[in-house]
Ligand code: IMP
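Presented as structure tokens, the chain that follows is alone, the form predicted on its own.
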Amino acid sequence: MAKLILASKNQHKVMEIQDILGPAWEVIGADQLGAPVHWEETGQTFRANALIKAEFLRAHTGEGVLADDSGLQVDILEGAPGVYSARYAGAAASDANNLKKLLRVLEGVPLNERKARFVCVLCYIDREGKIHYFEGTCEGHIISEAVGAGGFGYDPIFVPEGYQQSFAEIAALEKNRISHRSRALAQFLKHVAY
């Protein structure tokens, strides 16, 4: 079993990555390392924030580490909430607060103008200290109210291209096949297979 140290304190994200990678991998989140870990996401891009997290955890562990920075970009909002997706409604905002704020901001915007995408950037610092990036996107649109009980974050209001259901309604196995995160992880797996 391959061990992967993940620079994330989001247990939903840790579990999703574990599910996508499968039983051949053991994904260990930053909170599971025993010592408190804290970093400031001060980057202006997903790539910059992924690097901040990966470098912090690499210095903390001395191991190869993977960091994920991801979020939702809405075209009519010029890419917002973007890198601020997890704190769109404020620094201590919950997923529900962020989702409600986005729906308020988009109130009155017709469905055909709600084009959006989920973006995932992975930063992998290998055992030798080399930095590698892997990116994945999932196109779709934002609906006007939350539906579905699965997933997390903005999943209940995001409908991926070619689907009628939100990410929160789609079975986890299917979401993990088409998501931005699975597309970035597929590139990561190809890289580590060499």
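Just so you know, these numbers come straight off a predicted model, no measurement behind them. Numbering starts at 1 and follows the sequence shown.
We do not show the form predicted in complex with the named molecule, though everything after this point is about it.
Asks: The named molecule isn't shown here, but in the model of the complex which of E135, E41, E63, E161 has a heavy atom within 4.5 Å of it?
Replies: It is E41.
Asks: At 4.5 Å between heavy atoms, is G153 in contact with the named molecule in the model of the complex?
Replies: Contact check for G153: yes, within 4.5 Å of the named molecule in the model of the complex.
Asks: Do A86 and the named molecule come within 4.5 Å of each other in the model of the complex, heavy atoms counted?
Replies: Because a heavy atom of A86 falls inside 4.5 Å of the named molecule in the model of the complex, the answer is yes.
Asks: State yes or no: in the model of the complex, is some non-hydrogen atom of S166 no more than 4.5 angstroms from a non-hydrogen atom of the named molecule?
Replies: Judged by the heavy-atom cut-off of 4.5 Å, S166 is well away from the named molecule in the model of the complex.
Asks: Is there a heavy atom of K13 no more than 4.5 Å from a heavy atom of the named molecule in the model of the complex?
Replies: Yes, K13 is a contact residue.
Asks: To test your reading of this chain, name the stretch in 25-33, 122-130, 139-147, 63-71 whose heavy atoms come within 4.5 Å of the named molecule in the model of the complex.
Replies: Result for this chain: 63-71.
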